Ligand SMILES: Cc1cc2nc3c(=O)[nH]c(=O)nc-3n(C[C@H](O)[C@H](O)[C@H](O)COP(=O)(O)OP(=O)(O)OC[C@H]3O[C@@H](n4cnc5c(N)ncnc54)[C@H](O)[C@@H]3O)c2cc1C
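Below, in structure tokens: the form predicted alone, a single chain.
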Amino acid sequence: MNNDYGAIVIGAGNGGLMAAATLAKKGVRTLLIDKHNIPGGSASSIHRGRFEFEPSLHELAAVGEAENPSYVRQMFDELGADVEWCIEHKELYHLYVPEEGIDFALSSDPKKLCMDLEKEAPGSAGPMMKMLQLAGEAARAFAYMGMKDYDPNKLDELFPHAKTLAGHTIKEVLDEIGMPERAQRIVSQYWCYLGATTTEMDALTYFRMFGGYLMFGAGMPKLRSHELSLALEKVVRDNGGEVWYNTPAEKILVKDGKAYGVRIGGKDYLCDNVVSNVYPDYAYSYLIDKEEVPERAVKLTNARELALNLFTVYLGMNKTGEELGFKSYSNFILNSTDSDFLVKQASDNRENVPAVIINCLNNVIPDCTPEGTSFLFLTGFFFGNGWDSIKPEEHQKEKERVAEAMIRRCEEALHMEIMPYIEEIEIASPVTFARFLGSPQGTPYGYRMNKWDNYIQRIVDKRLDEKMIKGLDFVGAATHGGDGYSPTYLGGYETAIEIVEAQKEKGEIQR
């Protein structure tokens, strides 16, 4: 019997969209389904009054300018996905920690960054240069591990520090290269983008991301992240793929360790490959017959710890960013530079929001809002189950309380007024994200990166996963690349390429 499709992709989030676009572009008969009525998941947009808000994206770390592209721009260009990119390449972030007397902007110029850091923390210039050298090696090692002919036995020869960085935490490596403690805490605050602290996360992953921001800047689509989703959806359709919205998957069909289709609307659609943008937790629990879920899959999923949950406040302001006083696009406002302390404060409670990242999108895309206005978005994080006990009738009031506390914190740290100039406001709590994304506890960030569950180990697990349930691949934040738009796009692309090459070997693709 001929299968209905070469591949069925469940979920039109970032990973699913990229996988479906790549599959269709490479000649695989592709069906993409999603339970919502629009594509994108987190990569979407919302309108409030005369403002179009960016619901989740701060920036992508791997875009780069046209003359110096990184892998995200290269993938979109290869697929013919038309996106107008804007790049912030002046600063990484501006760090404010009033309790520790820190008011420091991290320049995107490596030489200036080292000089500025030396003034802030004497003795840090040399170690910072060493960190940047290691970051370059980490980026090259990641690129090599993603190649078809990747040979683990050659990794040490080509990249002698890669396994050491993967086997040690950020803190351990920065200690080893002699970076002063104050400097360490200043340059390691991207940890929250990856959901694990500096004493948990492997240095290979962090250094690669830090170096990516430094080399390529922060990339943003001019028309919000929904532009990314629509561009990829168009690639699917233009290459003969089908896209069905308002269409949840009812079941992933598995028999004798092989996925062979998806049940949709009571009908079984057969395929050679199933690609799931749904979290493994949900897929193993609800979409696959219990007897077909390998024991190792259950153990691995249960062993992992969920990453952070987001709380986001979207503000349409009736003053420009310049009038408000914003000099930087990305501002980190913390009550401590100790990542373990911040996580402890933000775990299993709703009382404290110890860290707020406030972005002014107009600093990168000046015309993203009507003339004389600006768009701010504030992001805080929580860990654990602090929002589970809230009653439905208390949710709105609690959202407003936390949002006001975050705004007041920013006003105090930045010495500016925000509250009087708010024209439009929208608030999303972890409960909001859970309802919309369907992810565990509402996390869009997958599983926490740590020494036993780092990128190299996840590459190994990915290959073992193929033996657990053949024909089933997971993409998205919960997979080997980790969280963030850039890794999920890359993971979707790599998964699709593997499927394409396998089908070519079987003679099922002619182009």
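Numbers for residues come from their place in the sequence shown, where the first is 1. Note that the structure is predicted; figures quoted are calculated from it, not measured.
Note that the form predicted in complex with the named molecule isn't included here; everything after this is about it.
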Since exactly one of 470, 36, 26, 458 fits, which has a heavy atom within 4.5 Å of the named molecule in the model of the complex?
-> 36
Hey, of 45-53, 471-479, 450-458, 66-74, which bit sits against the named molecule in the model of the complex at 4.5 Å between non-hydrogen atoms?
-> 471-479
Indicate whether the candidate residues 198, 353 and 432 are all in contact with the named molecule in the model of the complex, with contact defined as any heavy atom within 4.5 Å.
-> no
Can residue 269 be called a contact residue for the named molecule in the model of the complex at 4.5 Å between heavy atoms?
-> no
Is residue 190 close enough to touch the named molecule in the model of the complex, meaning at least one heavy atom pair within 4.5 Å?
-> no
Tell me, yes or no, whether residue 14 is in contact with the named molecule in the model of the complex, where a contact means a heavy atom of each within 4.5 Å.
-> yes
Residue 248, heavy atom within 4.5 angstroms of the named molecule in the model of the complex = yes
Can you tell me which residues in 302-339 come within 4.5 angstroms of the named molecule in the model of the complex, by heavy atoms?
-> 310, 312
